[in-house]
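Only one chain comes next, encoded as C-alpha cells, the form predicted on its own.
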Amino acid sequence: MRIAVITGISGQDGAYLAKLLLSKGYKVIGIVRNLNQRFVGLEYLGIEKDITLELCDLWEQASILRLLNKYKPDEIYNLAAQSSVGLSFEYPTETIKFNFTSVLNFLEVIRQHNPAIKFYQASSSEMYGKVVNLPIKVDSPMHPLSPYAISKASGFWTVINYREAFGLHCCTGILFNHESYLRSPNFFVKKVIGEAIKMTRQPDLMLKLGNLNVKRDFGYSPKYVEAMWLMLQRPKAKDFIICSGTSILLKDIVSYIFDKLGLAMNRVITGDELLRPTDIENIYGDKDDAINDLGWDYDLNFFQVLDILIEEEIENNPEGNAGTTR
C-alpha cells in the first residue's frame, strides 16, 4: 500500500485529492492544525473515517521529520497555503513567510533524510501576473501582482532548485482558478452563487462586488486533482500548467448565475472597497502539455461547471449565504 501525505486537506483540493487517492488504494495522511475541528469537506465526500489526521507544524523542520519517520510516505502533496489573493494584501508578511517557508522545510527534510519521496507543490497562475503574451506556459515570464503571487513564485523556483541541484523528484502544478461545492465561501464564484440563491428569497437584497471587467481561466477542482496525482506518477519530475485553456469575464459569470436563478443584473452594485490595489486584466493557460504529455483529460467549459455548482449548492444549501466578495 502506497502512503501519501496531504497538507491543506481541509480545503477543496485536499478533500477531492484524498478521495481520489483512497480510490487508488493509498493510505492517506491528512495534515491539520487542530484535530478537534470538523472537516466538512471530508464529511461531505464520506471519507472522514478513512483518513488518518495528524498534527504537524510546517514552520518547523523537526515536526516534518517526525511526520516522515512515523509514516514513511511515498508521496507528499503540499496544498497548504494562505491562498486568498485579497487577504494577502492585508497580511503580506504572514502570507509570504508561510507559503515559502513550508515548501523549503519540506524539501530540506526530504533532501537530508529520504530523497526517494516524491513531492508535489501546489502553485497558481497568479504568479505570472502582468502578462504580455497569452496563453500562459510554464516558462512564460513572471510578473506577480500580489503578496500571494510573490509567495507562490518563490516556492516555484525553490522546487526547481531542489530538483536541479539535488535530483529530488519534486514538481509544481500551476493551477488556474478552479471551483467546486467545497470551495471556501470567501472565493468569488462560491460567494456569488450562494448570495444569488439567497437573493431569490429576499427581493430587496443587493450584491456588492468589485471589478467584474477582468477575465480568468476557470475549471473544476475534482478534475484538477487528477492532474496532481498524474504528475507524481511520471518517471521524471516536470512542472505543468493545469487549466481549461480559455478565459471568461467575471461579469459574464455573474450574468449567467443570475439568469439561471431568474435575477436581474441591476441588483449588482460596485463597491470601491472591494477593488484590489493591482489586478490582472486577462489570463488563461495552455493545457496542451498536460493533455499530451501528462495524459490528463479535461474538456469542460465553465458554463457546464457553473451548472454543476449551482445545482449542488441549491441541493445542499437552499437558503444561500450572505456577504460581499472580491
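The shown structure was predicted, so the numbers you read here are calculated from the model rather than taken from an experiment. Residue numbers run from 1 along the displayed sequence.
The form predicted together with a small molecule is left out here; the points below concern that form.
The small molecule in the predicted bound form comes within 4.5 Å of a heavy atom belonging to Arg33. In the predicted bound form, the small molecule sits within 4.5 Å of a heavy atom of Gly8. By the criterion of a heavy atom within 4.5 Å, Phe106 is excluded from the residues contacting the small molecule in the predicted bound form. Residue contact check for Arg183: one or more of its heavy atoms lie within 4.5 Å of the small molecule in the predicted bound form. In terms of contact with the small molecule in the predicted bound form, the residue from Ala196, Ile241, Ile110, Ala80 that brings a heavy atom within 4.5 Å is Ala80. Proximity to the small molecule in the predicted bound form, defined as a heavy atom within 4.5 Å, singles out one entry of Tyr162, Phe119, Tyr128, Phe176, which is Phe176. Residues with any non-hydrogen atom within 4.5 angstroms of the small molecule in the predicted bound form fall in just one of 147 to 155, 208 to 216, 249 to 257, 67 to 75: 147 to 155.
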